[in-house]
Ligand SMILES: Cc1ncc(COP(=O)(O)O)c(C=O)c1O
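Form predicted alone, single chain, as structure tokens, below.
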């Protein structure tokens, strides 16, 4: 069986976890700040605050910006539900904007159109948009940020798919998760992501106020003096209602080791993507849509192919599964989930719906062998030849 994705764990990763198991601290020890410092150095940000999941990171980042009742969260429709759910956890309303039907990335024209309508919303507290750097491609963060400044709103990049990705425009070199064009960026450390902690996440930011709020909220809203000269060095107090979103030292040790191998992982993913590009660019893959122009800075969390005719995607998924090849669909548009349809009604976002009906994620992970990749290509070829 060839999975669509899986973790890549090295002997060094295992050694780091075992070292923590033999230490005095399994949680709330030195590995967490060490991992945070390594993330700050890697992404060139002032603050990295790690937490228990990517969803927790989104929840904390939105909370750190003051999102609550009276706020509106704006999310592209092609993403995992967590990007939107975390706004609702805080009592905010949700709005969905469309995506480019070729790339799945946020459509800036749709975003601006939506913000024009939101501008006249009564009793509005704040608006936060969360562009998703999807599948490993960096979202058009510079354009989103320019629009956000125009309308006086804030930006939190969902960078769960894209650590190490970048793209170049005529004006900017845009790097995912560096917070140059956002108030904060969120990472996920789920096993299928670039950096694996088992579960985990991080909020990256260059703003002291956001970092301070997120650090407090991830641990019940409790703060300690952290001063050996304090008259009561044991002292602590709860200043607000937070959550238990801490990351353990076991997870932090694994994450720090994984982070050290990120560049090597990216090189492997880019090599695999190049092999797919070459193999799928020739007949008989005429059932597939042509790929959009891909930036050399793509991080290749997913390798997505798209089919020209409606229905072919589902047939291909079943065909490949029978051959021992697991594929996945990323994603059912969030506004089409029953929960959200009940909440906001039925809306049409044609770019997202067009992307969804044709997309299929085929196996992509650093440990994918050339032999297994060739099998994926050969079985996909057999499907295309069968019509």
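Positions refer to the first chain, counted from 1. Since we're looking at a predicted model, the values are computed, not measured.
Keep in mind the form predicted in complex with the ligand is missing from the figure; the text below concerns it.
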>> Only one of 193-201, 256-264, 147-155, 237-245 has heavy atoms within 4.5 Å of the ligand in the predicted bound form; I'd like to know which.
In response: 193-201
> Does residue 55 reach the ligand in the predicted bound form, with heavy atoms at most 4.5 Å apart?
Replying inline: yes
> Quick one: is residue 304 in contact with the ligand in the predicted bound form, heavy atoms, 4.5 Å cut-off?
Replying inline: no
> Would residue 83 count as touching the ligand in the predicted bound form under a 4.5 Å heavy atom rule?
Replying inline: yes
>> Check residue 188 for me: does it contact the ligand in the predicted bound form (non-hydrogen atoms, 4.5 angstroms)?
In response: yes
> With the ligand left out of view, which of 165, 205, 79, 213 would have a heavy atom within 4.5 Å of it in the predicted bound form?
Replying inline: 79
>> Between 130, 160, 176, 182, only one gets a heavy atom within 4.5 angstroms of the ligand in the predicted bound form; which residue is that?
In response: 160
> Which residues, if any, of 329-362 lie within 4.5 Å of the ligand in the predicted bound form when only heavy atoms count?
Replying inline: 331
